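The data below hold one chain only, encoded as structure tokens and taken in the form predicted on its own.
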Amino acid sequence: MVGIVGWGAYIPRYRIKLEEIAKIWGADAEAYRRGLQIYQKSVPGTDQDTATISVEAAKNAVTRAGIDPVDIGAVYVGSESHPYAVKPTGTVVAEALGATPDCHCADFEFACKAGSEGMFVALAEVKAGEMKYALAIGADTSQGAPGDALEYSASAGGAAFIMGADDLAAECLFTHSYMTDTPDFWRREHEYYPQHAGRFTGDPAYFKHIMGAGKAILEKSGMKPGDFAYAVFHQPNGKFPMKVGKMLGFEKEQLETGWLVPWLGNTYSGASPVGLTAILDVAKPGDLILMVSYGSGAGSDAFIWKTTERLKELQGLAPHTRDYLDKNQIYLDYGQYAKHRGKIIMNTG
């Protein structure tokens, strides 16, 4: 048995509403709300980045796990927005937690499934007996070019999971990965903002890969949608995860708990992992949970989790994801938002 021994999330307090962005560009906010089913998004503070978000989420995971960080044998951070092109994010996180120096560390990149990549590898290493615990994080301070559709959804947040073989909160029963070379979203070296292929990101990219991974893991496990208490899928907008869940045979009630994007936006590498943390915060022992990520380029990782009796002991030990989402928000106007995101570049000569 291997699985999750501790989990945690972190979402910045700052928010911007879609109306504020649309007003600047002369766009129809209601059309964006209908199209994206997003009402506001989180924004990192001026002193926050993927590393600081990862540290906060990881601290919550360590608190729930109740372990000594020196026993963490690996730290993996998946992100589209690592602070440095060369220096690793994972070493910053490991040092802040006290997991160094006897620790394996790596940064992952695979667009929006960089976080689930880390989860996949961390589980495998614990299962192989290479280490007692492994920490996997999906976090982003994602970017959208001014006026682009992505600016209405690209947000900030992260989720952390400590994988182990004892005292599990949720056992991982099955995994499956599905990928092809489908270039629907990309950013070349030295480019600040990503580019996307518009509507091409739907059927041949997002839906094809989540359906492929979802159907494969259900067939592998011999399970059906009705067996699950919850399911969570990658959340680039509000429509896609609900639609793909219905296509796979899940009911709205199974999807709502992990469906955070209307109030959070798209946290990219943290999207489905953050949704999973919200589910673990309220799930009951014995619940089955399906999680399927998606990353442009393109691929999906699928996991089936079964919660244990220990889950109830851990739920109240750290802040719930919904608390970060719903409490103490600070709303920004577009000028403040542009400052936070570094969208104003000063030419000092």
Partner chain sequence: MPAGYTREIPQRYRLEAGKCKKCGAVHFPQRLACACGSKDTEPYVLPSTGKIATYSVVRVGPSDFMDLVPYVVAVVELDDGTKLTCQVADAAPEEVSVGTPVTLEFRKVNQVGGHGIIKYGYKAVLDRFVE
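Positions refer to the first chain, counted from 1. Everything numeric here is computed off the predicted structure, so don't read it as measured data.
The discussion below concerns the form predicted together with the partner chain, not included here.
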Sort through Leu218, Ala111, Ala278, Leu97 and report the residue having a heavy atom within 4.5 Å of the partner chain in the model of the complex.
Leu97
Listed residue that, although the partner chain is not shown, lies within 4.5 Å of it in the model of the complex (heavy atoms), from Met291, Ala298, Ala51, Ala65:
Ala51
The chain here is shown without the partner chain. Which stretch in 221-229, 258-266, 88-96, 164-172 comes within 4.5 angstroms of it in the model of the complex, by heavy atom distance?
88-96
Non-hydrogen atom contact Lys17 with the partner chain in the model of the complex at 4.5 angstroms
no
Consider Val55 of the chain shown here, and say whether it contacts the partner chain in the model of the complex, taking contact as heavy atoms within 4.5 Å.
yes
Using 4.5 Å between non-hydrogen atoms, is Pro319 touching the partner chain in the model of the complex?
yes
Spell out, yes or no, whether the shortest heavy atom distance between Lys59 and the partner chain in the model of the complex is within 4.5 Å.
yes
Assess the spot marked by Arg13, Lys327 and Lys339: is the partner chain within 4.5 Å of a heavy atom from every one of these residues in the model of the complex?
yes
